[in-house]
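In structure tokens, one chain follows: the form predicted alone.
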């Protein structure tokens, strides 16, 4: 409400100044002096433009500083720190240029207002100026793009061999995740095998699928690399983990990936934010249909020992759905039974 009151006050001041200007203009018309109308109009407009710029800059920086904590998002991954650093470097450089350029623009409107005594300077061409305002921005932009490319290459490089693997699948309108189980290898899949229960289309002719499990939420260990193997089942979706600065499209028929290292557990973030109900979440940032808003999945960052306990406690998909043992080749039934913990003799 306080910000609204300030905004209404600024509008009221501008309206009053406009009315005063109109009254002065009408008085000049009544006196029959066109010259006075012209000179007064230029003077008032030039002064108002300068005042507007000063007031706008004060309001902008005041609001940016006072509201920063309300709109800033804590970062919870190693590469997120790099991403934020790149963002702020770009913002500061472009922000300085923006302020200087507009300061000159508004100042020139005031300083060089029309007067009969003023004569405009005209340059048919000026090679030095043209070279300066071409080369300098080109160098700055090249440095910014080069730095951004370096960061992007770093965060999209091959993941470490010890990275925890999580398969993420988007479909209308939810996320599902699959873990590779104790063998550390995700099993194969086939879209033709997808049904109401086997949502991933897991292929049980591949022995690596026998211990894969499908939890209702994502768990990842703090301080360890996590590789997301991403795909979509129907239309284009987009994996977005805002606190980790992770964003990658989920494309039908074209698996993508992204890896990151979470550096704050869920409990640590709850303490930092002062919100005991805080949870990390995965959202979809691709408008994928009417139910787009419902694509939300909780992500939990555990301490390494807690993550191991959670991981070891998960039941394989086959264990929860023993009817799918019929999809396993007969020669692999014993192996499937051991991996899933099912007694196939019954």
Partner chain sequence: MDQHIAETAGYHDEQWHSHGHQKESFVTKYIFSQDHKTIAKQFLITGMFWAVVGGALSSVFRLQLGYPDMSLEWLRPILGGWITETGQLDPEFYLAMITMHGTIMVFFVLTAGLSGTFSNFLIPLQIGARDMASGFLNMLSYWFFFASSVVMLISFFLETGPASGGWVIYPPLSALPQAMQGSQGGMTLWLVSMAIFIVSSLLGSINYITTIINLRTKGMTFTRLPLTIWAFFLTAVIGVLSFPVLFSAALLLIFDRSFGTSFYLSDIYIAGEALSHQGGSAILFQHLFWFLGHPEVYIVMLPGLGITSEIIATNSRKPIFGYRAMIGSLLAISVLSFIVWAHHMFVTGMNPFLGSIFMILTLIIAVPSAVKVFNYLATLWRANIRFTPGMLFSIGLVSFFISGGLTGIYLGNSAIDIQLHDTYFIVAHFHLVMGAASFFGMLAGVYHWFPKMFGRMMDAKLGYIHFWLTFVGVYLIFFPMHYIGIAGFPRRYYSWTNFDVFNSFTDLNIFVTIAAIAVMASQFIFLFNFFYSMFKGRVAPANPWKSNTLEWTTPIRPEHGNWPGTIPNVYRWPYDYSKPGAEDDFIPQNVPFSQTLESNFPHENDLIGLEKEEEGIVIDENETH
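Between two forms, the rigid core is defined as the largest C-alpha subset superposing within 1.5 Å. Bear in mind that the values here come from a model prediction, so they are computed numbers and not experimental data. Numbering follows the first chain given and starts at 1.
Here the subject shifts to the form predicted together with the partner chain, a form of this protein not shown in this document.
- Contact check for residue 266: every heavy atom lies farther than 4.5 Å from the partner chain in the predicted complex.
- Interface membership of residue 18, defined by any non-hydrogen atom within 4.5 Å of the partner chain in the predicted complex, is confirmed.
- Taking the partner from the other structure, the partner chain in the predicted complex has no heavy atom within 4.5 Å of any heavy atom of residue 309.
- By the criterion of a heavy atom within 4.5 Å, residue 235 is counted among the residues contacting the partner chain in the predicted complex.
- Screening 179-187, 203-211, 219-227, 152-160 for residues having heavy atoms within 4.5 Å of the partner chain in the predicted complex returns a single hit, 152-160.
- Scanning 88-114 for heavy atoms within 4.5 Å of the partner chain in the predicted complex gives 90, 91, 94, 97, 98, 101, 102, 104, 105, 106, 108, 109, 112, 113, 114 in sequence order.
- Once you line up the core between the shown form and the other one, the Cα of residue 335 stays within less than 2 Å of where it was.
- Once both forms are fitted on their core, the CA shift for residue 258 between the shown form and the other one remains under 2 Å.
- Relative to the superposed core, residue 173 shifts its CA atom by less than 2 Å between the shown form and the other one.
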